[in-house]
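Here we start with a single chain on its own, the form predicted on its own, put down as structure tokens.
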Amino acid sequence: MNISIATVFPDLYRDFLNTSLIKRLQEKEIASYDVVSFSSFCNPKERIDAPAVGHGAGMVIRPEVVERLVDAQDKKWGKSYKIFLTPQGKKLDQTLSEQLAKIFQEQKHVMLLAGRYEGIDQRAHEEYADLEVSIGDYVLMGGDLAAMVLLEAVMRYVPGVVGKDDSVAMDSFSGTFVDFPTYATPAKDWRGHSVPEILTSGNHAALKNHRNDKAAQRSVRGHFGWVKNHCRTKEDKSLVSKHMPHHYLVLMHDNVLVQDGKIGTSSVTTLDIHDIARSCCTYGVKNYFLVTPLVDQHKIVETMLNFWHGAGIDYNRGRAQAVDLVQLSQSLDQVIADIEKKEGKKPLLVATSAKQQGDASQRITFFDQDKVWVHDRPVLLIFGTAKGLSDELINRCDFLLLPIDGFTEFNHLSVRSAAAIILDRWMGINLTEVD
């Protein structure tokens, strides 16, 4: 295959293309590279760029220059598969890298177009781009480093480039988990750091299990966004569950906002009990606590729970399993004490709200699991009824999840709907690809 690289600065590629595995591709005659400058396709005294149309600063690479370059390279090497490097493109990840490796091997000619300044004229994108690729949600001075990153990521998958196929197959982001920790020989202590004895035990089954476990641990705590997008197998789900901190949920019918902004109590509803219990069971929540200080409310709930602990099991076994997670409490303090007794650690308190409340330092998004889980403590998700949790209660919490929001002004979800959405965003599997 030949890879044409269109750039403003060809010299940037001189050392890169003559180093390491990228150089090996040429030595093995697997690939050749043709780095061409946009300026080589300009007429005398003609610029490669022009001011952007409309208000605003910036220069744009002209489509006529791109046309001449593309025509010349396609005439030289054959019709190409064209990839434009742009922040607006599809984000490069391991899956896309594997897909591109197959395309590279199928095509005799691939062209990478690395823009500069404000980029390449959109009309050239529309005319020529088979694919637009970004290497991340940030802007570089140009597309050249992105082109190099793409080549590094993609060409590893070309047979004969990497010495051992296992090195590629076991890469981080090639499956559910990132790579396990690795150590160099000899396996002796260094500056107080030791190598796990199991790595030198000679027990290959135990070694494999150890590595899988460590890979899952560092993935769950540091790359949960990737894990929840790629976890498919029963075995991987089990490993993820093992390394997620235990989560609990409490529905507050006390210390909530009622009429006229006053703090008071609310009534328990069986629908909230059933539906939230089913969500908790789905996402692996250890216990679902109901807090109400009212004696009559306790009696109502206990009657319902007694049914599901008895005759209800035969009536609907799945519902009974979910309701078995429900535990009545008099106060939030009692819930915290019960969790601490069970876990040996006080839980971190994570409040939820349908509106902006609390201090800015408390607020976290649904992508901030690492900020919470790094503390290695159980997590208690706190939901309010009536008009929501009081400011006093929220200020007591360690974290506050941002409100659920849609692209409308309506924001009146039931608490059972909100609980299901929050549990799914925080702890659920959300695959990005179909098997």
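Here the structure is a predicted model, which is why all the values come from computation and not from measurement. One rule holds for the numbers: they count along the sequence shown, beginning at 1.
The same protein also has a form predicted in complex with adenine, omitted here; what follows describes it.
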property	result
Leu112, heavy atom within 4.5 angstroms of adenine in the predicted bound form	no
Thr86 within 4.5 Å of adenine in the predicted bound form, heavy atoms	yes
Contact flag, Gly136 vs adenine in the predicted bound form, heavy atom cut 4.5 Å	yes
Touches adenine in the predicted bound form: Ala337 (any heavy atom, 4.5 Å)	no
Answer option from Pro196, Gly264, Gly142, Pro181, heavy atom within 4.5 Å of adenine in the predicted bound form	Gly142
Sole residue of Ala124, Val326, Cys280, Ala146 within 4.5 Å of adenine in the predicted bound form, by heavy atom	Ala146
Region of this chain that lies against adenine in the predicted bound form, out of 127-135, 221-229, 327-335, 288-296 [heavy atom, 4.5 Å]	127-135
Heavy atom within 4.5 Å of adenine in the predicted bound form - qualifying residues of 190-227	none
